[in-house]
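What follows is one chain in structure tokens, specifically the form predicted on its own.
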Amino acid sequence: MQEARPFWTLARREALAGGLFVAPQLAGVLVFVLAPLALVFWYSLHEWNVLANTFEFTGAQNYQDLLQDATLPPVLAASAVFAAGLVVFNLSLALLLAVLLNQKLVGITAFRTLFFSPVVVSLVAWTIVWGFLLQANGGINGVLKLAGIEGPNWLRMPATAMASVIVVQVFKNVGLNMILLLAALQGVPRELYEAARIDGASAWRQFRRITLPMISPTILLTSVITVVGALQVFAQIAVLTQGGPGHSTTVLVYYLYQQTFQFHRFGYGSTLAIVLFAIVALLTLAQWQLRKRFVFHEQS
């Protein structure tokens, strides 16, 4: 008679151990991601008035209001301008700084620390200081006045308000992308550059044919992080411009805050949150799909 197999075989013990290891992460995703997302969708189907203590099911009414909201197009346009400006200037400056700080020079560590230090500064404190600098009688216009230039009120003019907010955010977080790109640059094999120099390749050709392809995975990572962060910006807008002048700097997250906590339209605010989630998910998915074309290690 064949002997019965024990229940706790090696394969089952390994499966149990693996499940226990991933259980905390899965619980975190369930509690802090999936459950809140489901609740937000549920709230978007209701009209919730906290002041009147009413919670009424309205079905797709909030989504119909979304399509008829005349303020939403300029809000989405402002969000797109901010995200595009932040991604272009942040990544370009971060890559430039990473290349410059990748040199073996005396005191280079101090410069790396200097450019990274704004990342660890409190966001609100950083924004408040820049708010004073960008006022009509602030420090930036004071410096321009010494050169005989009359500076504008940077945060109160539609032509300069958005650019000012973008610059503030670029200087705040460029150090993080710089460090990531610097680490990627230091991981590029030196032998590739030596072989390219022997073949007579110029510095620009080495950068374009060796450096960019080798650090392309990190460029993808930084672009995803920067895009998601750009679409979630709030504190800078709230402190510097409060969405003005007009709706020129009213990005989607700030508009969501206004509708939810200023106008007490919690159902409509939840609908805007669903829109924000969809935009972030689609852009992240699009960037992930583009990796097959632009990321060196993913190309077939």
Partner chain sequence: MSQRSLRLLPKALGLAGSLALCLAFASQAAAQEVKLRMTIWSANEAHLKLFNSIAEGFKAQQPNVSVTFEPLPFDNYTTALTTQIAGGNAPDMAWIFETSAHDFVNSGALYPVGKTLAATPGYALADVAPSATERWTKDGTLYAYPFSTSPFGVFVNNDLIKQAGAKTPAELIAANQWTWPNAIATAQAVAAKSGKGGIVVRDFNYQAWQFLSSVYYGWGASPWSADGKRCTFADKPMVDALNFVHDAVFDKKAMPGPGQNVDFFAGDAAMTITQISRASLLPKEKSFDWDLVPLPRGPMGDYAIVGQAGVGVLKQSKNAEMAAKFVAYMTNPENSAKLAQFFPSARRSLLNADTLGKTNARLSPAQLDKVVVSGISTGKLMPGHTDFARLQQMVRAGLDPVWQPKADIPAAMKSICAQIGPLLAK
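What you see is a predicted model, and the numbers here were worked out from it, not measured in a lab. Residue numbers count along the first chain shown, from 1.
The same protein also has a form predicted in complex with its partner chain, omitted here; what follows describes it.
Between its partner chain and the residues 246, 59, 36, 28, the one pair within 4.5 Å by heavy atoms in the predicted complex involves 246. Checking 186, 92, 137, 122 against its partner chain in the predicted complex, a heavy atom within 4.5 Å turns up for just one residue: 137.
Contact with its partner chain in the predicted complex, defined as a heavy atom within 4.5 Å, is made by none of 207, 216 and 291. Of the candidate stretches 218-226, 103-111, 150-158, 178-186, only 150-158 contains residues with a heavy atom within 4.5 Å of its partner chain in the predicted complex. Heavy atoms of residue 263 reach within 4.5 Å of its partner chain in the predicted complex, making it an interface residue. None of the heavy atoms of residue 64 is located within 4.5 Å of its partner chain in the predicted complex. Contact annotation: residue 41 falls outside 4.5 Å of its partner chain in the predicted complex, judged by heavy atom distances. Among residues of the shown chain, residue 242 is one whose heavy atoms approach its partner chain to within 4.5 Å in the predicted complex. In sequence order, 48, 50, 51 are the residues of 37-51 having a heavy atom within 4.5 Å of its partner chain in the predicted complex; the partner itself is omitted from this view.
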